[in-house]
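This document opens with one chain alone, in structure tokens, the form predicted on its own.
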Amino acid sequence: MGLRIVVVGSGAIGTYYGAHLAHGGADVQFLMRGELSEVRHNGLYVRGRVESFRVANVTCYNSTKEIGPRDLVIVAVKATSNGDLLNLIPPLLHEQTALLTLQNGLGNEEFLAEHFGAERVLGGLCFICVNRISPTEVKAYDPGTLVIGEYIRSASRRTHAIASQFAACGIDCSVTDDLALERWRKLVWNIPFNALSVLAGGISTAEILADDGLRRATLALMDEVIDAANACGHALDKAVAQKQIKRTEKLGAFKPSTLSDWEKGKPLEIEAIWGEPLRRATAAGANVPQLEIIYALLKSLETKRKEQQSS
């Protein structure tokens, strides 16, 4: 398709997929902040047990006005930074520009649709485990899969064309006609592991699963999320939980993104990952007491940290 692509948000996810696309020959530009000179000099590295490669020549800028209109905007900023997109995205748009959000949680497609038009919006589910370990390097514990779909529509020819471009660059990418269902499927993993890694004192997925009590808590939360999804009209089978556990057991000492944010003192994606699912589940009549507790604890931790930082 020869898409002109820009990655907005060059953290672990944005860097990984952007580097993969560039390595595969796609026309990719990156919006970055303070690490421009280092990336321009050293390139970008992806390292992992399955794949390792370097992109030597990286086209990156610190302003979307310098980039100009592109065909596909990959939105990979944290959901806590969605307000910044109101200024970042407009210079990147032409009449047919598509917006693909790879963000966690619920509500991100709705935000983009409200401000830039629903017809532009697609969503992607990154069933992947990567950490950014330096401004120029990401570590891929599991390259996983990418699933993309249209916001409140079945997959179009555009969706399949984008997926084909990703696949041509070595990314395991498939298309869904039910983006909302896949959002809930990912929450089955995100809600327990991201929360418990922080609430249990800063531990990896391997440590969570090695502790009998935390393992049971993980499974209980997974079952609750599956029940919530079904109450909201998204048919998820109970077997999803065990599949997620088995996949996670293979990752080793992986730090979920929320733990990485917590350790770096960054805001947590509390509303997108826990708050919005809780509100939707409650509105649908689902009983989600554990999710409610997790949400309250994370909000309390975040509030206390902000008070300490400001004192």
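Keep in mind it's a predicted model, so treat the numbers as computed, not measured. Heads up: residue numbers just count along the shown sequence, starting at 1.
A second form of this protein, the form predicted in complex with another copy of the chain, is not displayed here; the remarks below concern that form.
Checking 90, 202, 83, 233 against another copy of the chain in the predicted complex, a heavy atom within 4.5 Å turns up for just one residue: 202. Looking at residue 142, you'd find every heavy atom of it more than 4.5 angstroms from another copy of the chain in the predicted complex. At the 4.5 Å threshold, heavy atoms of residue 175 stay clear of another copy of the chain in the predicted complex, well away from it. Another copy of the chain in the predicted complex is approached by residue 294, whose closest heavy atom lies within 4.5 angstroms of it. Taking non-hydrogen atoms only, residue 112 never approaches another copy of the chain to within 4.5 angstroms in the predicted complex.
With respect to another copy of the chain in the predicted complex, the three residues 213, 289 and 301 uniformly fall within 4.5 angstroms at the level of their nearest heavy atom. With another copy of the chain left out of view, the stretch that reaches within 4.5 Å of it through heavy atoms in the predicted complex is, among 129-137, 217-225, 235-243, 153-161, 217-225. With contact defined as any non-hydrogen atom lying within 4.5 angstroms of another copy of the chain in the predicted complex, the stretch 71-101 contains no contacting residue.
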